[in-house]
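We begin with a single chain expressed as structure tokens, specifically the form predicted alone.
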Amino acid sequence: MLWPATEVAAKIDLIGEGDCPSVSTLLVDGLVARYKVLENGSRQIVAVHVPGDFVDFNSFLIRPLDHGISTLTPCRISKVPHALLRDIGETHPHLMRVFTLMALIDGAISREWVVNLGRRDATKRAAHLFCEIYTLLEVVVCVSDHAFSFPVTQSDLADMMGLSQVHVNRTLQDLRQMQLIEWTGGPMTIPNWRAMVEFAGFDPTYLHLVNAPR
């Protein structure tokens, strides 16, 4: 049984680096970022979570956490006590396999983010990021008419892509000029999905969305 969902405003830290929470947070609605902060105060977002994700499932076993978790948008969250997760693992081993799969997929996505940040140029980096978020939101039925809600700031995008805000602005202009996105800060539309996927070199295999026996 999940605890009742609560509302959280945008730009709120759910967990700070070094915390040892006794609950794991299930994202019901909104977007959440996992991030690291450097010595100079700059932030690198290392993952974006969508509805249905346990945004800090690893806190069940890893203590203290080596990163922070913050809301990007207004969110609804539900907190599940670690004691309950331990009981589930002991009494329902098939569900523990699901939890293990979640951790493995999280690692696969992290590897793809490393490749995206390290080897793709800025425009393809942004396109790949948007393809990932679009695909994940489509799975949880948060996409309509090739559009999805994406009310993040250019500062957030800069932290996701390891770029300056000026460079992000130019990158978005490039994608608009290529007619790959339509976005002015609200819902983002990808009018030609096939062209976007081809340009980004996006292969969703790493998301492991195929429904197969585990």
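Because the structure is a prediction, the values reported are computed rather than measured. One-based numbering along the sequence shown.
Only in words, not in the display: the form predicted together with a further copy of the same chain, which the text now covers.
At the 4.5 Å threshold, heavy atoms of S42 reach a further copy of the same chain in the predicted bound form. Contact annotation for N58: at least one heavy atom lies within 4.5 Å of a further copy of the same chain in the predicted bound form.
At least one heavy atom of G107 is located within 4.5 Å of a further copy of the same chain in the predicted bound form.
When a further copy of the same chain is considered in the predicted bound form, G186 lies well away from it, no heavy atom lying within 4.5 Å. Site residues T100, L163 and G201 are all in contact with a further copy of the same chain in the predicted bound form, judged by any heavy atom within 4.5 Å. Interface residue among A122, V115, V139, L84, judged by heavy atoms within 4.5 Å of a further copy of the same chain in the predicted bound form: V115. Out of the listed residues A158, V50, L172, A147, A158 is the one that sits within 4.5 Å of a further copy of the same chain in the predicted bound form by at least one heavy atom.
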